[in-house]
Structure formats: C-alpha cells, structure tokens
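Next up: a single chain in structure tokens, the form predicted on its own.
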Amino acid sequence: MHIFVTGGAGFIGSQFIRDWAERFPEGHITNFDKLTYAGNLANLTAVEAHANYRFIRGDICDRNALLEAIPANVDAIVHFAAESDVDRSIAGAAEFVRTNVVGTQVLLDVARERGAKRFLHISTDEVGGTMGLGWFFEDSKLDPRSPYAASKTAAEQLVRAVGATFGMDYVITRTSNNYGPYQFPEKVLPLAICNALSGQPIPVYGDGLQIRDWVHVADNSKALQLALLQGKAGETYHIGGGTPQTNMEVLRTLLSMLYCHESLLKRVTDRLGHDRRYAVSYAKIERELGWHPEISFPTGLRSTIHWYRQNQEWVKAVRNGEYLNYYKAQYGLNLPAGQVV
C-alpha cells in the first residue's frame, strides 16, 4: 500500500507516519511537507532510514509539485497539512485561507487526476464552535467562530463537494485537543510543560475556565489508521478523549505532577472570540470501528512530561529557532531565524 501524507513533519502527522511505518514495514510512505515553523524533520528520525519512506519538501498550493510527487493510482492521501494556530489566524487570516482552503482544493484536484483510491481529511472539533452542555456529534450544526475554524470548515465542505460531484472516496475525521511528544510549544500543554521546567510563567487566557477535551496523539493515530483502512466512504468520525476539563484544571494537574507552585500561572488578556467549551462524542467511531481512547489523561500527561524532560535538545532547537536555520541552509527557505517561542 502506498500512502501520500501531507504535513507529515508536524506533530500529529509525524506520529501517524511513525506508527504506520512500524505497522506496515513493507508499505510505501511519501511525506510531502512545506516545512513551515511547525514542521520539524527531527520528529521523523525514527523512519528516515526506512527503505520505503521518502520526504519531499513542497507546498500543497503548488499543483505542479503535487503532480510530480503523487504517484499514479496512489492508494490513499492522508491530508494533515494545515495552518492550525488560532491566535495566528486572528492576527492574520490570509495564510490560513491559502493553505487550508485553496491548498485543500488543489490537493483534491490532483488526487482525482492521479486516481487516488481514498482521501482521508483531518479536521478539528473547532468547526462546531462553542458548546453549552452536551456533545458535538458528527451531524451537529457547524458553527466556526475563528478564522482557523472557518478555514477548516470550508476545507471539509470542499472534500464533501468533490465526493458528491465526482464520486471520490473520502473520509473526514475531527479530533479534539491532541497532546503528547513532539508537539510544537505554542500549544498550551507543551508551552506549560516547557515553561514550568525552566521556571518561567505559564500564560492563562482570561479566567482559565474554557473547557477542552484531550486525547493522546498515539490514541488519535490509531483512530486515524482505522478510519483510513475501515472507515465507510463519505463518513465523518469524531476522535476524542471523553473527559472534558477546564484549562485551569489541566494546568493545576500538570503543576502538581511537576511539584511546581501555582504562582507560575499568570493570567493574560483572553483571546478574541474565545470558544468556551468543546466536547466531541466518539460514540460513532467506537460503535462502527471499535475505537476508544486507551491512554487515560493522567497517564498520558505524565508520559508527555517525561518526554519533554528527556528531550531538552529538541526543545531547545525548537524554541530558539535552530531547526529553521538548518532548513534555510538545506532548502534555501525564507524562514525567520532566532527566537520562535
């Protein structure tokens, strides 16, 4: 089986590639990644020597690059590539529309031209917007409330439109907040862990009572593999941890595990239009594909803390921008140098 993965140098994409290569050592993997600030080839050292793995640097908005990279009759395209930071989307939405919307459309066009047998589109729980009580189901109303969420909603609709118009076999997944090793420390948990380990303040938006559902990236990877291999064409599957918690609860648990004082928590101005609560139901994927989260949040958080403790060189390279300097030299990229986080 030959899979073509976009955004495979990112946090979730690299986990998926590592797991897939271990599970299917005879399979072929092409990793197509633009190598923006959030893409890091150090996440993939475990598969670099894999005989059937290859990396191609490219932009999903570049039709010619995709045509050259995607082999004819590829078995599946797994689409992770996206701009995903909400704060960056609020500061400037244009790149989110370009990558998440235009890029998805270009990829869909090339996927049809190359005769891709399946298109797995990775989306987010944020397309459902903020919730009161209850759960976000696959057929719930979509109500995106940030530029990032709006761009991901548009991408989903493009995938569905191509499926309806041209009969493309597709599956969409929406995942709740992921956490685990190799996550870029602009996200709340790796930022909090890295700051706590170095004694730096941990920012808390507003009152810290926003509710999020957490799923370990390894559990998510298993769900994505099931969706790719066994998911019903044209279906959407939610992937979540099933244990929504406030941001403050999560950070206090983290500080307790690190034996750090809560004085490290520093309230900052709340995000514009900050969604109050996300909570996805994973009942459908459990019922139809037999998936459920296996890693409890306390267990997963402890292992994540341990990983960041043991991988300070990775953290240092990410936080000071050293990996970007390497990409500039290796690929001639126009990326910013110096402090990133």
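Sequential numbering from 1, following the sequence displayed. Computed from a predicted structure; not experimentally measured.
Not pictured, yet referred to below: the form predicted in complex with a small molecule.
**Student:** Considering the small molecule in the predicted bound form, which of V101, A76, V188, L254 comes within 4.5 Å of it through any heavy atom?
**Tutor:** Contact with the small molecule in the predicted bound form is made by V188 alone.
**Student:** So which of Y53, Y278, W291, Y308 reaches within 4.5 angstroms of the small molecule in the predicted bound form, heavy atom to heavy atom?
**Tutor:** In short, Y278.
**Student:** Is it the case that W135, even though its partner is missing from this view, gets within 4.5 Å of the small molecule in the predicted bound form, heavy atoms only?
**Tutor:** The answer is no: W135 has no heavy atom within 4.5 Å of the small molecule.
**Student:** Look up in the predicted bound form whether R160 has a non-hydrogen atom within 4.5 angstroms of the small molecule, and give yes or no.
**Tutor:** Residue-level check for R160: no, no contact with the small molecule.
**Student:** Answer for R112 alone: is it within 4.5 Å of the small molecule in the predicted bound form, judged on heavy atom distances?
**Tutor:** R112: no, not in contact with the small molecule in the predicted bound form.
**Student:** In the predicted bound form, is there a heavy atom of the small molecule that lies within 4.5 Å of any heavy atom of R212, even though the partner is absent here?
**Tutor:** Yes - in the predicted bound form, heavy atoms of R212 and the small molecule come within 4.5 Å of each other.
**Student:** In terms of non-hydrogen atoms within 4.5 angstroms, which of the given stretches 270-278, 311-319, 22-30, 298-306 touches the small molecule in the predicted bound form?
**Tutor:** Correct option: 270-278.
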